[in-house]
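So this first bit is one chain, no partners, the form predicted on its own, shown in structure tokens.
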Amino acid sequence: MASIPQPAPVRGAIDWFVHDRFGMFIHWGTYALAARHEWVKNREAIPDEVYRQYFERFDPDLYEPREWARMAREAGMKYFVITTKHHEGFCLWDSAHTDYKATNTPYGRDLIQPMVEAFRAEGLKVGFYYSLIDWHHPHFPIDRIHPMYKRMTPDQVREANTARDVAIYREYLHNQVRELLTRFGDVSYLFFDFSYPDADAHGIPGKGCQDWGSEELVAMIRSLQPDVLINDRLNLPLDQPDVHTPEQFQPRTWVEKGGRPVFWETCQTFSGSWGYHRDEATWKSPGQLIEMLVNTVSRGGNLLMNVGPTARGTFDPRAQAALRVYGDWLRLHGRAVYGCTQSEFPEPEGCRLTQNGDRLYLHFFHWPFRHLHVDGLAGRVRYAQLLHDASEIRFKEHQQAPHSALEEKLGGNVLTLELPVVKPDVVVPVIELFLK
């Protein structure tokens, strides 16, 4: 047996986070009209005057936040994080500090307040994403990820930046975060995105903690809402963030920073884009979706799964289908996820383990033929059952490996589970072991 990693205490309220394990990310902005990735302004180097056509036509007339919240709850999600402002600079709420906001579009209304109310009514905690980057603000200095960069020489970038004052933008950033923390009630999670402090090959600097005023920003946040969780993208020392956020990959072990385990969450997409992408075709299969959640919890982390609504304010049918995959599976297997973490026991081949106290959960990524031999569990199990239907799984205990071919793979105290020949009709079967 191995000890379960114990991250150091953090400043925010972490207990709900490590219990709930599963949240909904929502990327929504005027890029939904382009429908070809939320970075479309950067990728295609679209000038402001051309990109403005999306702002002038943004009218999500089918937006019904209660439907979004219902789908999130039915999918088994326990919190949500909405892009209040993405890199394009467009704000979904009625900010007093900009005209580039939802209330000045044809839609004409604040999008965040009704969303917050709807998700809270369904029992989900509120999280706000806020982009530190802003491709619309006139004082955000041009750098290597700015859309204008691709249309300029390095000397032209330097000349243009003489008229841009990052201190003015920094004040704007702080004022908007203050709005988000004072207008919408309790906020459980702030997801900032992102820092890139190194200079490019031409010596044009990126952006980091000094540009954002990260230390002062965090102090202000803690003074307004002390329990809020803050992620790791403000370019602060490793002991400052509450939650570390690896993106678009599956950690194989508990995430560590500076050689120490941390609280962590991986953010992922149903397909290859965060914002609505009409023609993107790499949508994940049901097996991939469930395995991502199981793998994450089995390494002590949370999964934040993204939906990119359309410009009319609906969830794409493919996203709705993916949400149903999670809901159907978690309705039967939720107690193998909520409140669970990495197990102290070694994983059998083709399986993942999650554990909550004296309940151990075997998740089968590959269904074996008739038997599963689990090292180190003989004498430790009182009862075993398939979780989806509570049908008994019989088992035998061996002091040594039960077959000579297994001697080199297994040590002593082997538990042999007697399995149905046919895999149960669920995406990822789970056996619940009641430990002594």
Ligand code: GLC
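Keep in mind it's a predicted model, so treat the numbers as computed, not measured. From 1 onward, residues are counted along the sequence shown.
Unshown form predicted in complex with alpha-D-glucopyranose (GLC); subsequent notes refer to it.
In short, of 189 to 197, 99 to 107, 69 to 77, 214 to 222 it is 189 to 197 that has heavy atoms within 4.5 Å of alpha-D-glucopyranose (GLC) in the predicted bound form. Though alpha-D-glucopyranose (GLC) is absent from this view, in the predicted bound form it lies within 4.5 Å of a heavy atom of just one residue from H373, R380, H27, H388, which is H27. Interface residue among E256, E171, E247, E159 relative to alpha-D-glucopyranose (GLC) in the predicted bound form, by the heavy atom within 4.5 Å criterion: E247. Contact annotation for the candidate site: E38, Y129 and R233 all lie close to alpha-D-glucopyranose (GLC) in the predicted bound form (heavy atom within 4.5 Å). With a 4.5 Å cutoff on heavy atoms, W274 counts as touching alpha-D-glucopyranose (GLC) in the predicted bound form.
Taking the partner from the other structure, alpha-D-glucopyranose (GLC) in the predicted bound form has a heavy atom within 4.5 Å of a heavy atom of H86. Contact annotation for A311: none of its heavy atoms lies within 4.5 Å of alpha-D-glucopyranose (GLC) in the predicted bound form.
In the predicted bound form, alpha-D-glucopyranose (GLC) sits beyond 4.5 Å of every heavy atom of I290.
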